[in-house]
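The chain that follows stands alone, in the form predicted alone, written as structure tokens.
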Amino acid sequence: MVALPVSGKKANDRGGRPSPFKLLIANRLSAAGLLLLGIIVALALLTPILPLPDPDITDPAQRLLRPGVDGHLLGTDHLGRDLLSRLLWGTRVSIVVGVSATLIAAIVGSLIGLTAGYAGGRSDNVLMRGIDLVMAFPYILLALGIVAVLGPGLLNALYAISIVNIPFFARNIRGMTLGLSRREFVDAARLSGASHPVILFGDVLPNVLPTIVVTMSTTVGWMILETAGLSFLGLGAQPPQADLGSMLGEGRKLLFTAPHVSVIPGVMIFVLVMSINLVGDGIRDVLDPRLKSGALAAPGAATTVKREAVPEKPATDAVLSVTDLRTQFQTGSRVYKAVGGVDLDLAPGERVGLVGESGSGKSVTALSLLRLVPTPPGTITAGRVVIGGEDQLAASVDKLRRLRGGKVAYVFQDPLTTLHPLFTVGQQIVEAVQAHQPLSRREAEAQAIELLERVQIPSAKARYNAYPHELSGGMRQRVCIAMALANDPELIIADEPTTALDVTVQAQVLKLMRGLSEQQGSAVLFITHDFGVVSELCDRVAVMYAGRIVEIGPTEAVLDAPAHPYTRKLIDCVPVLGEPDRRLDAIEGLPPPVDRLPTGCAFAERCPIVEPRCREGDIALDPLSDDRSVRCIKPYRMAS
């Protein structure tokens, strides 16, 4: 293997994910807000050095001049003061006051929330009852009361606005801290002897810091509005000092005779607050863990399909016919080719196992069949998936909804995350039934109980009203299988449904799926990494590596005489009953990253019989016999 230069590798890693700034400007609204805010802040910073007249000098002879008059771009106010100068100086003051008030409220409120959530007990009660007391008053009235006590003035208005916004930060941060303080990593820090301040500021604070930043970014705009409101009422900035609120208040009496005096600061307040809010929304998205990967929108109802041509294939009676399926994920500048061209057919009643190491593309292939891969960042770039005679990659979302859970059922790996925690298992099965069958509630409930009995759940009527957390892992998986069978599907896709189960329950679930498949005649695509499971359930087996099928054939034939070196290595890792002295060999190395797949055979770096020609050009999945195919220029049958 040729080693990459260290500097090049690091540069490549840095370019894999977009920077926070690129994520921010990728959102068009946030980019527009950032541009507007940048212009306003730049003008505010440059105000002292710009050739502007003194904002406080009055000139009654020049009062109420219209915008555009020579020497006064935005006109003058009722005292003849230049509006452009007062606007820029007032914007500067409003920004400073808004940011300062936000920082004070954030620091004090976050400290209260962190302390209350971490300490709990009496400390929590005392602190939060104080916060509740502050929140019991309408915040504007409370701010007016504080200013009335302290006296009018910009600094007092800043204190008032800060105090009334402290509860907002305190309650949000306290809720998050309360959950984090019970987490295992905090318990581990306590057991290691760390002090409470170290745990609070070293372990808890970094986890709530993104929330604090997001809250601050969305609060600055409100702080500016609230400060402007107090100044508008004459309780903030005092004459002759200018801020946006006082300018608006001074111009309200002239709204009909000289509207520009009040409209100009009003428009500035609108633009400033709107730009801050847009940037705050963008910061919130940037700090979202999922969006950091480059996905700038919520996943849609179906995977996006971008294919240049539809591959042709003669019509068959197969339940599922997949041709050259390709799915990729784009993260920043990197493209991960998770599925790199899969061809697969399933006949009615046939059970096919899809085997491979973790990361080989099995689950993405299965999700792609029903277009369940989240977009963004996933995209189907090529291929055709024919189910029921129709190409599902060209189907509408409504057709896909009718297909999912109807003709095609999906059993996911973790039933606890699949089942809704707030509804009973019976209600969820009834929902699956009524989504595809015109049955009454009573008929659907009877069918749901019958389904629970079919999957061998004891006391089915009693279990009907149980919540998912009240059932064992095996029981929950049986419920998921019952939901999959609710509408007599022609195809069942099972994505490692027995991985988290113990050996006894796994055997029961496999026996159940085999029996139900034989009874209903449903085809089964069973995804696993265990050849023992494949030998128990499947008629055929397809072995995947780096997003492609490298060998496919009858289960018994593949297990007895694997043709591809990767298949043989996988089988060598499986213990055989009655052969305690059999050597179990692990596969050396790791699969190649799917964003940097090598030329030629992807398994070449780990293959014991590799040759130079293995790294030259694409290797096709060629027939080895009537019912077997292998993606290898030197299959074991030919090498022996």
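From a predicted model like this one, the values you see are computed outputs, not experimental measurements. A residue's number is simply how far along the shown sequence it sits, counting from 1.
The next section is about a form of this same protein that is not shown, the form predicted together with adenosine-5'-diphosphate.
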Self-check item: adenosine-5'-diphosphate contact at Y336 in the predicted bound form, heavy atom, 4.5 Å
Solution: yes
Quiz item: Should G120 be counted as a contact of adenosine-5'-diphosphate in the predicted bound form, where contact means heavy atoms within 4.5 Å?
Solution: no
Quiz prompt | Distance check, G361 to adenosine-5'-diphosphate in the predicted bound form, heavy atom within 4.5 Å | solution = yes
Quiz item: Wondering, does D414 line up within 4.5 Å of adenosine-5'-diphosphate in the predicted bound form on heavy atoms?
Solution: no
Exercise. Could you tell me which stretch in 93-101, 204-212, 361-369, 398-406 has residues with non-hydrogen atoms within 4.5 Å of adenosine-5'-diphosphate in the predicted bound form?
Key: 361-369
Self-check item: Single option in G229, G221, P377, G474 placed near adenosine-5'-diphosphate in the predicted bound form, where near means a heavy atom within 4.5 Å
Solution: P377
Quiz item: Taking adenosine-5'-diphosphate in the predicted bound form as the reference, which of E357, E431, D530, E445 has a non-hydrogen atom within 4.5 Å?
Solution: E357
